[in-house]
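Okay, so here's just one chain, in structure tokens, the form predicted on its own.
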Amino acid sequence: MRRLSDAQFAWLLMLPGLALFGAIIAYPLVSALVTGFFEQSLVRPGRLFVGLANFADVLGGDFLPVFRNTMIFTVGATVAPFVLGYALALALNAGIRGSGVLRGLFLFPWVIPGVVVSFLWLWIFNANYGVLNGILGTHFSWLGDPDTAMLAVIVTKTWASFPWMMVMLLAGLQTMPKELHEAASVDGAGTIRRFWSVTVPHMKGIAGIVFLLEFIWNFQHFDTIYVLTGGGPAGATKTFAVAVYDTAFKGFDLGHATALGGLWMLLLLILVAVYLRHEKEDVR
């Protein structure tokens, strides 16, 4: 038999993986994008080519409110757990008493499935017998009021997300040479000055990666929002993930759902490009 070159042998090894990628990722993605150019329903057979009409309808419909809700949720559910996780990581890295036990306890929300977390907070926010209203002595509908529903969703997602951010940031803090802080102390720098002049520059790379990853994940988050509010009330918490699901599986309109999903994917690609650029600069 003719001996294979290194390049040919490499391609031979990659073929199973490429075939699997094409079957479960590439083909469904291309098929979905093509569907966006057709009028197609889940309850009627056949489909009709309509070109860019679906995209025009989506952009002329509730695209901007959905985009606004998505950004509000994404920013809130990223900044809040990042700040909380960073603060806890600094406290644990300082060697406070019981830090080992606290580290394990703080991980508890992270290991619980997202749907379970959502049902837990659904009970906490319940207007009639919820823990929060029991503490406050009220019967306020946190999830039923458009002014507070998004805040309640963000609080729930923050509780579930801060542990992994804390762990990643703590790992970064523990790689920092102690000599840097000791030298800064000798030069007369206080705690706050050492944080901004020593800790922040050292943590810039890992903090940026953690923040961007969480931002991307929240931009496509679904389960917490759907379980708590289903996108309501009055569309106050309807994000891209919920809107695509409702359009496809409640409205049975695959054409508009895939058009909205295609626009959503383009926005996600921009975020991924920012993440990859940041990672590349961090490696340098």
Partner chain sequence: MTVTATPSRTAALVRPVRTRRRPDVVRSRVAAWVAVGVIGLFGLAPIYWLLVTAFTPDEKAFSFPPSLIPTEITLEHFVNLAKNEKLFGYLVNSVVVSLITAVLSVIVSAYMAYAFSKFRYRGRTSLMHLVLASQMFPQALLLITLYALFSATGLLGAYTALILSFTTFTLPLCVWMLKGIFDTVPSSLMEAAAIDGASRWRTLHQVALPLSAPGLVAAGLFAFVRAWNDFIFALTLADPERQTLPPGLVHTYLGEFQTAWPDLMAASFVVSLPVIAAFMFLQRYLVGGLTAGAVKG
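Numbering follows the first chain given and starts at 1. Rigid core: the largest C-alpha set superposing within 1.5 Å between the two forms. Keep in mind that this is a model prediction, so the values were computed, not measured.
Another form exists, predicted together with its partner chain; not displayed. Remarks below refer to it.
In terms of contact with its partner chain in the model of the complex, the residue from M71, L151, L122, L180 that brings a heavy atom within 4.5 Å is L122. Although its partner chain is omitted here, in the model of the complex none of L48, S141 and I270 has a heavy atom within 4.5 Å of it. Residue contact check for L42: one or more of its heavy atoms lie within 4.5 Å of its partner chain in the model of the complex.
Proximity of A207 to its partner chain in the model of the complex falls outside the 4.5 Å heavy atom cutoff. Taking non-hydrogen atoms only, G76 never approaches its partner chain to within 4.5 angstroms in the model of the complex. Its partner chain is not drawn, but in the model of the complex it has no heavy atom within 4.5 Å of T229. Partner contacts here mean any heavy atom within 4.5 Å of its partner chain in the model of the complex, and among 214 to 222, 63 to 71, 48 to 56, 230 to 238 they occur only in 214 to 222. Contact residues in stretch 102 to 134 (any heavy atom within 4.5 Å of its partner chain, taken in the model of the complex) are L102, R103, G104, L105, F106, L107, F108, P109, W110, V111, I112, P113, V115, V116, F119, L120, W121, L122, W123, I124, N126, N128, Y129, G130, V131, N133, G134. Comparing the forms between this form and the one not shown, the C-alpha position of M14 differs by 2 angstroms or more, with the core used for superposition.
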